[in-house]
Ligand code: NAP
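Before any questions on how it binds or moves, here is one chain, the form predicted on its own, in structure tokens.
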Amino acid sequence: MKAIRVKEFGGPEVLQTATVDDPVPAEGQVLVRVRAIGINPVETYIRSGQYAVLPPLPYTPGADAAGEVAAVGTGVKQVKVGDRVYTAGTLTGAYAEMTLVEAGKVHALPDGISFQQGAAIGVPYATAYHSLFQRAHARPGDTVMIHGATGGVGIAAVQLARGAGMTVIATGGTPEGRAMLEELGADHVLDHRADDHLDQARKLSGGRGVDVILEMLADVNLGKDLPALAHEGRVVVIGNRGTVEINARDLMQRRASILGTALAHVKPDEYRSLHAALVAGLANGTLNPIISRELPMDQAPEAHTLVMEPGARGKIVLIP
């Protein structure tokens, strides 16, 4: 089969197409024929060697894919050959024509959700759900501000928050992105490049402040986020690219909290719960992943460049 292989850490050019043996599922494993592959920023950090935990070289990147079950190992009862599924973590990497997955990390892909959309679920929607509900414990009636809401995680968070009865303030950096957020049903859409957008958010909350902020770029925004919080407000840090300076009094005065999130540390019961919720939301139409670009798998280097550029309007996927 064809797969993308990384033989050394470095720039996007180290993503090379190669021919490798088809994986064979062992006990408790599922082989998925990949129809679409989701690209996530974390994969660029790993590829460059700038991540806390690095895979041994060579490796095939990726955790998110969608396709059909091609084979199952002994003891697998959850899925059968031919089932449409999405993956949320793989054993052999998602950037390939076939990928091997632990049985507990393949999930039913409801009819009406395309393979491209299925490839957009694993990291973005799980991150958004975990951050919003399992970390921030957001509730119906809360006001939630989603920074950089035009990317995969942001879109997922807008849909999840709207579906749960929250007031959503979403930000985007381009007119096109903000128009998309309005179409998604965000209650208020702001330009995060405007110096006063956090003051606007506070006013939109009636002056009480925002209950939850989902922060995609903490090194730029976190110090400014805190004064916009309501009493006992929470900021969930989803993305960060450098050091952060804050005034701790902003926390003290509001009894506010800063919470970190990372899918690698999701507990097994949280994992089961969040994917049950995501499959239900996909099936009932509450969740609808948006795809911005589709590229052939051999254009993985271009995809890694695009995913780090500002102005996202949905998910980038590769097609084997």
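Please read all numbers here as calculations on a predicted model, not as lab measurements. Residue numbers here begin at 1 and follow the sequence given.
Form predicted in complex with the ligand: not shown, discussed below.
Engineer: Within 4.5 Å of the ligand in the predicted bound form, heavy atoms considered, which of L184, V220, A71, L204?
Structural biologist: Contact with the ligand in the predicted bound form is made by V220 alone.
Engineer: With the ligand left out of view, choose which of I113, A138, V153, V168 has a non-hydrogen atom within 4.5 angstroms of it in the predicted bound form.
Structural biologist: By the 4.5 Å heavy-atom cutoff, the listed residue in contact is V153.
Engineer: Have a look at 94 to 102, 209 to 217, 81 to 89, 157 to 165 and name the one stretch with heavy atoms inside 4.5 Å of the ligand in the predicted bound form.
Structural biologist: It is 209 to 217 that comes within 4.5 Å of the partner.
Engineer: In the predicted bound form, is there a heavy atom of the ligand that lies within 4.5 Å of any heavy atom of R193, even though the partner is absent here?
Structural biologist: Flag for R193 set to yes.
Engineer: So, G173 and the ligand: in the predicted bound form, are they within 4.5 Å at any heavy atom pair?
Structural biologist: So G173 counts as contacting the ligand.
Engineer: How about P55 - does it come within 4.5 Å of the ligand in the predicted bound form, if we only consider non-hydrogen atoms?
Structural biologist: Output for P55 is no: heavy atoms all beyond 4.5 Å of the ligand.
Engineer: Given that the ligand is not shown alongside this chain, does A26 nevertheless sit within 4.5 Å of it in the predicted bound form, heavy atom to heavy atom?
Structural biologist: Output for A26 is no: heavy atoms all beyond 4.5 Å of the ligand.
Engineer: Out of 248 to 277, which residues reach within 4.5 Å of the ligand in the predicted bound form, heavy atoms considered?
Structural biologist: The stretch touches the partner through T261, A262, L263.
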